[in-house]
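Just one chain is shown here, as structure tokens, and it is the form predicted alone.
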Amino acid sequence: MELFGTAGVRGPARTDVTPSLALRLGRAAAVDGAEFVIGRDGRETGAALAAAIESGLQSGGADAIRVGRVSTPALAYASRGRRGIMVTASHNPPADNGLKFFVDGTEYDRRAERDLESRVRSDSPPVPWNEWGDRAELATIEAYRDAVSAYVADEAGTCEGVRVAVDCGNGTSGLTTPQVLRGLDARVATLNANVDGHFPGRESKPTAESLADLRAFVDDGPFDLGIGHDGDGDRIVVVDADGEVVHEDTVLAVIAERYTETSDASDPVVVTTPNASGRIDERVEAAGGRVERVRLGGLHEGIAAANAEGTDDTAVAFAAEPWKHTHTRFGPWIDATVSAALLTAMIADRGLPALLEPITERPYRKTNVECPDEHKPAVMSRLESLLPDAFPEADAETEHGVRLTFPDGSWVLVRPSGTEPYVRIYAESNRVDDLTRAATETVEDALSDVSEGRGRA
């Protein structure tokens, strides 16, 4: 059984993430702690799955505290000092749902997830009747919003005078981001801010295409920026005053540079992922820090590893993958509402063009090669030798896929998708088309070798 992907358990609610599975996961998770907070996004299937999780927790001997419809960052905030479970499929279609597990604000790491899977397989019976847990309710949204506002005001000041349009995508960020921005004196207009699990305004995943209405609204109006979120409020997409999407790695680099500059540590570290741009390294190094990379979906593991290996002079200043940011001074979870407020406050101070001016943007491409799931291990094993041979001038790393870094700062990453039947190729270079074409041909050669029995597992 492989329940957990790169971001918890996720899939169709009718066939995969069912109430019966939620019940078993809740009972298995009860072994981990005495008290859990349970939240859900606005999906139609969320209430039933949350009830099943609660039943599983209580019959496993843990107390279940219901916090209702919240964003994932707000649930993580509520899980400090205890454990938490968020019922969400994030940016997936409305028929999907999922479960994310937290301990003290941090997502479960791989070991904790595997232990949980093992207990689900054993399907232990309920604990004795007189050891079942209790159920309670807790209001957490207001406390979370107040905490974000206080943090951003202390970190970067207010958002006074900034005109911002926020497209919440009918997700639970509609309960957090507009309110925090208004509390920090921004002038806010909203789109799709009502929570609706059918996502009638647009698809839940914020992309350049799905944010077309926001982009036009910002371009036509008197706005300094636009912000788009996903269904559970942990992703952020930024739109400039002309309605153009600011590249996600540029946003990451802007925030990473600020956190590095303002860190008290002599060795500030920014944790990011292998698919993140070299522009991040450039800005972090210019500010006196360094970058460490970790697998996609593993920011929390990278933070823990950097802290464990560091000295008293080392601190993780910031951690992020494209669209998803962990503000380590505020908490160990991914939080798009903090990102929205912090960036808006920075714009109030300097303006978006000034923040973007130092960033060097090379052409960037992402493409996919179809690859059956069963072939992925052998294909990636084959690529560990084929790619370095095809690009002998590059330095190769194979910890998180195969990443090739060239002397001029260009790079290519090839990795298997954790959720779809693809091998993904990422490239950043002034010769990006040639580089992408050559990498794609190499991946296709590896797939052909494996399909014809010439690859090695």
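Don't overthink the numbering: it's just position in the shown sequence, from 1. Note that the structure is a prediction, hence the values are computed from the model and not measured.
We do not show the form predicted together with a further copy of the same chain, though everything after this point is about it.
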{"property": "Triple contact flag 399, 416 and 442 to a further copy of the same chain in the model of the complex, non-hydrogen atom at 4.5 angstroms", "result": "no"}
{"property": "Segment that reaches a further copy of the same chain in the model of the complex - one of 405 to 413, 385 to 393, 426 to 434, 43 to 51, heavy atoms within 4.5 Å", "result": "43 to 51"}
{"property": "Heavy atom within 4.5 Å of a further copy of the same chain in the model of the complex - residue from 132, 330, 108, 364", "result": "132"}
{"property": "Partner proximity in the model of the complex: residue 188 to a further copy of the same chain, non-hydrogen atom cutoff 4.5 Å", "result": "yes"}
{"property": "Partner proximity in the model of the complex: residue 19 to a further copy of the same chain, non-hydrogen atom cutoff 4.5 Å", "result": "yes"}
{"property": "Residue contact check: residue 84 to a further copy of the same chain in the model of the complex, 4.5 Å heavy atom", "result": "no"}
{"property": "Interface membership of residue 126, a further copy of the same chain in the model of the complex, 4.5 Å heavy atom rule", "result": "yes"}
{"property": "Residues in 157 to 194 close to a further copy of the same chain in the model of the complex, defined by a heavy atom within 4.5 Å, in order", "result": "174, 178, 179, 182, 188, 189, 190, 191, 192, 193, 194"}
